[in-house]
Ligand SMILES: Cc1cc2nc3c(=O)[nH]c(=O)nc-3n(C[C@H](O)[C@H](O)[C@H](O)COP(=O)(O)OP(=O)(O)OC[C@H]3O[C@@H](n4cnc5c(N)ncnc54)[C@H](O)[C@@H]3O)c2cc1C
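Coming up is one lone chain in structure tokens, specifically the form predicted alone.
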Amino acid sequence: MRERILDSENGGVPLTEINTLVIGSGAAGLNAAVQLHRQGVEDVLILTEGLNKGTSINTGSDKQTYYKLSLCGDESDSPKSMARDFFNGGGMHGDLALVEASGSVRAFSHLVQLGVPFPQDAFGQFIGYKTDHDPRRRATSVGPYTSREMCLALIREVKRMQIPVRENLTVVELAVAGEDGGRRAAGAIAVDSEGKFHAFLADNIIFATGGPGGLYEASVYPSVHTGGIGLALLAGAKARNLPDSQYGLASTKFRWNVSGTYMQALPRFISTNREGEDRREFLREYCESPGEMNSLVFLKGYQWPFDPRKINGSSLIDLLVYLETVEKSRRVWLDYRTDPNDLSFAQLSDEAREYLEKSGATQATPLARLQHMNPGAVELYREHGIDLSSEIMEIAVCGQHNNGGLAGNRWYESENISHLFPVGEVNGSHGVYRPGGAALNAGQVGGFRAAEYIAHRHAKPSAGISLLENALRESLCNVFSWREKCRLSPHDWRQECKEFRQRMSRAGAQIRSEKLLRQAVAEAREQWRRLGTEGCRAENAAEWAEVFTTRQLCYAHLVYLEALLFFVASGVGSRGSALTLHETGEPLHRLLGQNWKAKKEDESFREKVLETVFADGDFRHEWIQRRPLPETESWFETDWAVYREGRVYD
């Protein structure tokens, strides 16, 4: 690492030269830095807004899942079998499925070595359970904070290795240079909490900025995490499967998924007006009996993501919450203090009744049942200022995870910007349906793959300093030019964020229609034009990070909406965690209006992936045939030769 001052028209800017810059400090980025160091690439720097910020260290669920190859019992499993289950979810390239399956044991074992307390039995077998879209017992967990435990273990290792970390820096632009007819990463510009800018010249960039947490008004991403995919999109990076996201019920005061036992305890769903008055239980009118209603709530526990295939089952709950909060502009709450009206265990479905009886969870209130089954779930909210014994808890259907993201190859290098390696949720390796916990595995595997490729192909400088520095100077000029527009801007960045977040929750979340998306795209284009020409103001030096974050998020929301409109107009229909409304579709429920008709999924699109890129002055979207699962001979002598000669990195 080398330090100097980069001359510019705006005064000297501190410049750091580094072989590999890691942007982001979630579980994926931290592991990438550790693996680089272990592979002999020690000229590494982690750049982050804060080690205690981001999704990985601040989120979890009732029982946060990590997905890996089965390591218990006599149930047969193999990387190819696991890859096939990834692939069968649709919309995922076969080679990426095999990579994430093959690397799962290596990534999992590394976390165990670092001290993450994944449970094992008396014989050393790592016990597992079935998660959603999982035909085997591949899932494991250390409790609500699995990803936090991963981060804490990795942070300890980063400190032990003395890998440098710079906190309180927000990246505002990626620098990209032209090279050999293509484009390559050159570095990044960041701003600190005092409004001062810093330049980083890097031969490689590990881009680990997480999911698009700042795009939605109704979001379960932690408020400290906004995501940075807009930075790469502004640089022209290709994206994949942006419309495929997950949505589900979550609390809004403290952002947390209300999955698992939060639903299996059978809380009372209450709707109020905006002032918190006019309380009523609203689910009952859409169900034949109290038993049916409460059985659907129970199922919502382990069928947590909204799924249009379950619209006449557990996902009816999500839809009704959406109707109350969005269509009727009311508020929805969970009440754990008293049972839903007319609750009778005898009227529950056999599945719900037997589960609660076997769990000994037949107490007189939802809170007592929750306390019995999962006392940590109650304490979790108490730690965040919510006492379920004395207050109701507000919820909404929230954005939770993007299965899509940037397009990377099997070494997690961007498909159209070399030396840029998106890892973690920002990488769109997943398809339509993924097993729960597969994202944590993918982030860890991505760190291994990117680090290994950099160590064998990009450990030494691959471009002249002048090429990278010129690109960095150009980026710096762009940043300063937009900053000058912001100094005179009449627009408040808070209002700009509020505008695009409301638009995304209204048109770009779990309920979609072509008409609504066309209107949203037009509005998004206008907001982006206005922001580009007029900027948005910072009230003080500390707000420059927020102002530039608003810029990249606004662009990201435009790209997402453009991709969503193309997706819906292509006729894909309702799939994954989103419902597509169409006037010729199938009626959703006998008590819903004529506007609530869903377009059935065209499953032929599961054999394709959607690519999105900005090129030649406009967005280009294309459905491409997904790559099949690789047919590997796995003959030791020949594969060993390929490995010895380094041809695996070709």
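In case it trips you up, residue 1 is the first one in the sequence shown, and so on. Note that the structure is predicted; figures quoted are calculated from it, not measured.
The form predicted in complex with the named molecule is left out here; the points below concern that form.
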Sole residue of P366, G91, G228, G404 within 4.5 Å of the named molecule in the predicted bound form, by heavy atom: G228
Sole residue of A451, L472, A556, V171 within 4.5 Å of the named molecule in the predicted bound form, by heavy atom: V171
4.5 Å heavy atom contact with the named molecule in the predicted bound form for all of L201, G236 and L420: no
Contact label in the predicted bound form: S245 to the named molecule, heavy atom within 4.5 Å: no
Heavy atom of G424 within 4.5 Å of the named molecule in the predicted bound form: yes
In the predicted bound form, V220 touching the named molecule (heavy atom, 4.5 Å): yes
Touches the named molecule in the predicted bound form: G447 (any heavy atom, 4.5 Å): no
Interface segment, criterion being heavy atoms within 4.5 Å of the named molecule in the predicted bound form, picked from 393-401, 407-415, 488-496, 273-281: 393-401
Within 4.5 Å of the named molecule in the predicted bound form: residues from 39-55 (heavy atom criterion): L47, T48, E49, G50, K53, G54, T55
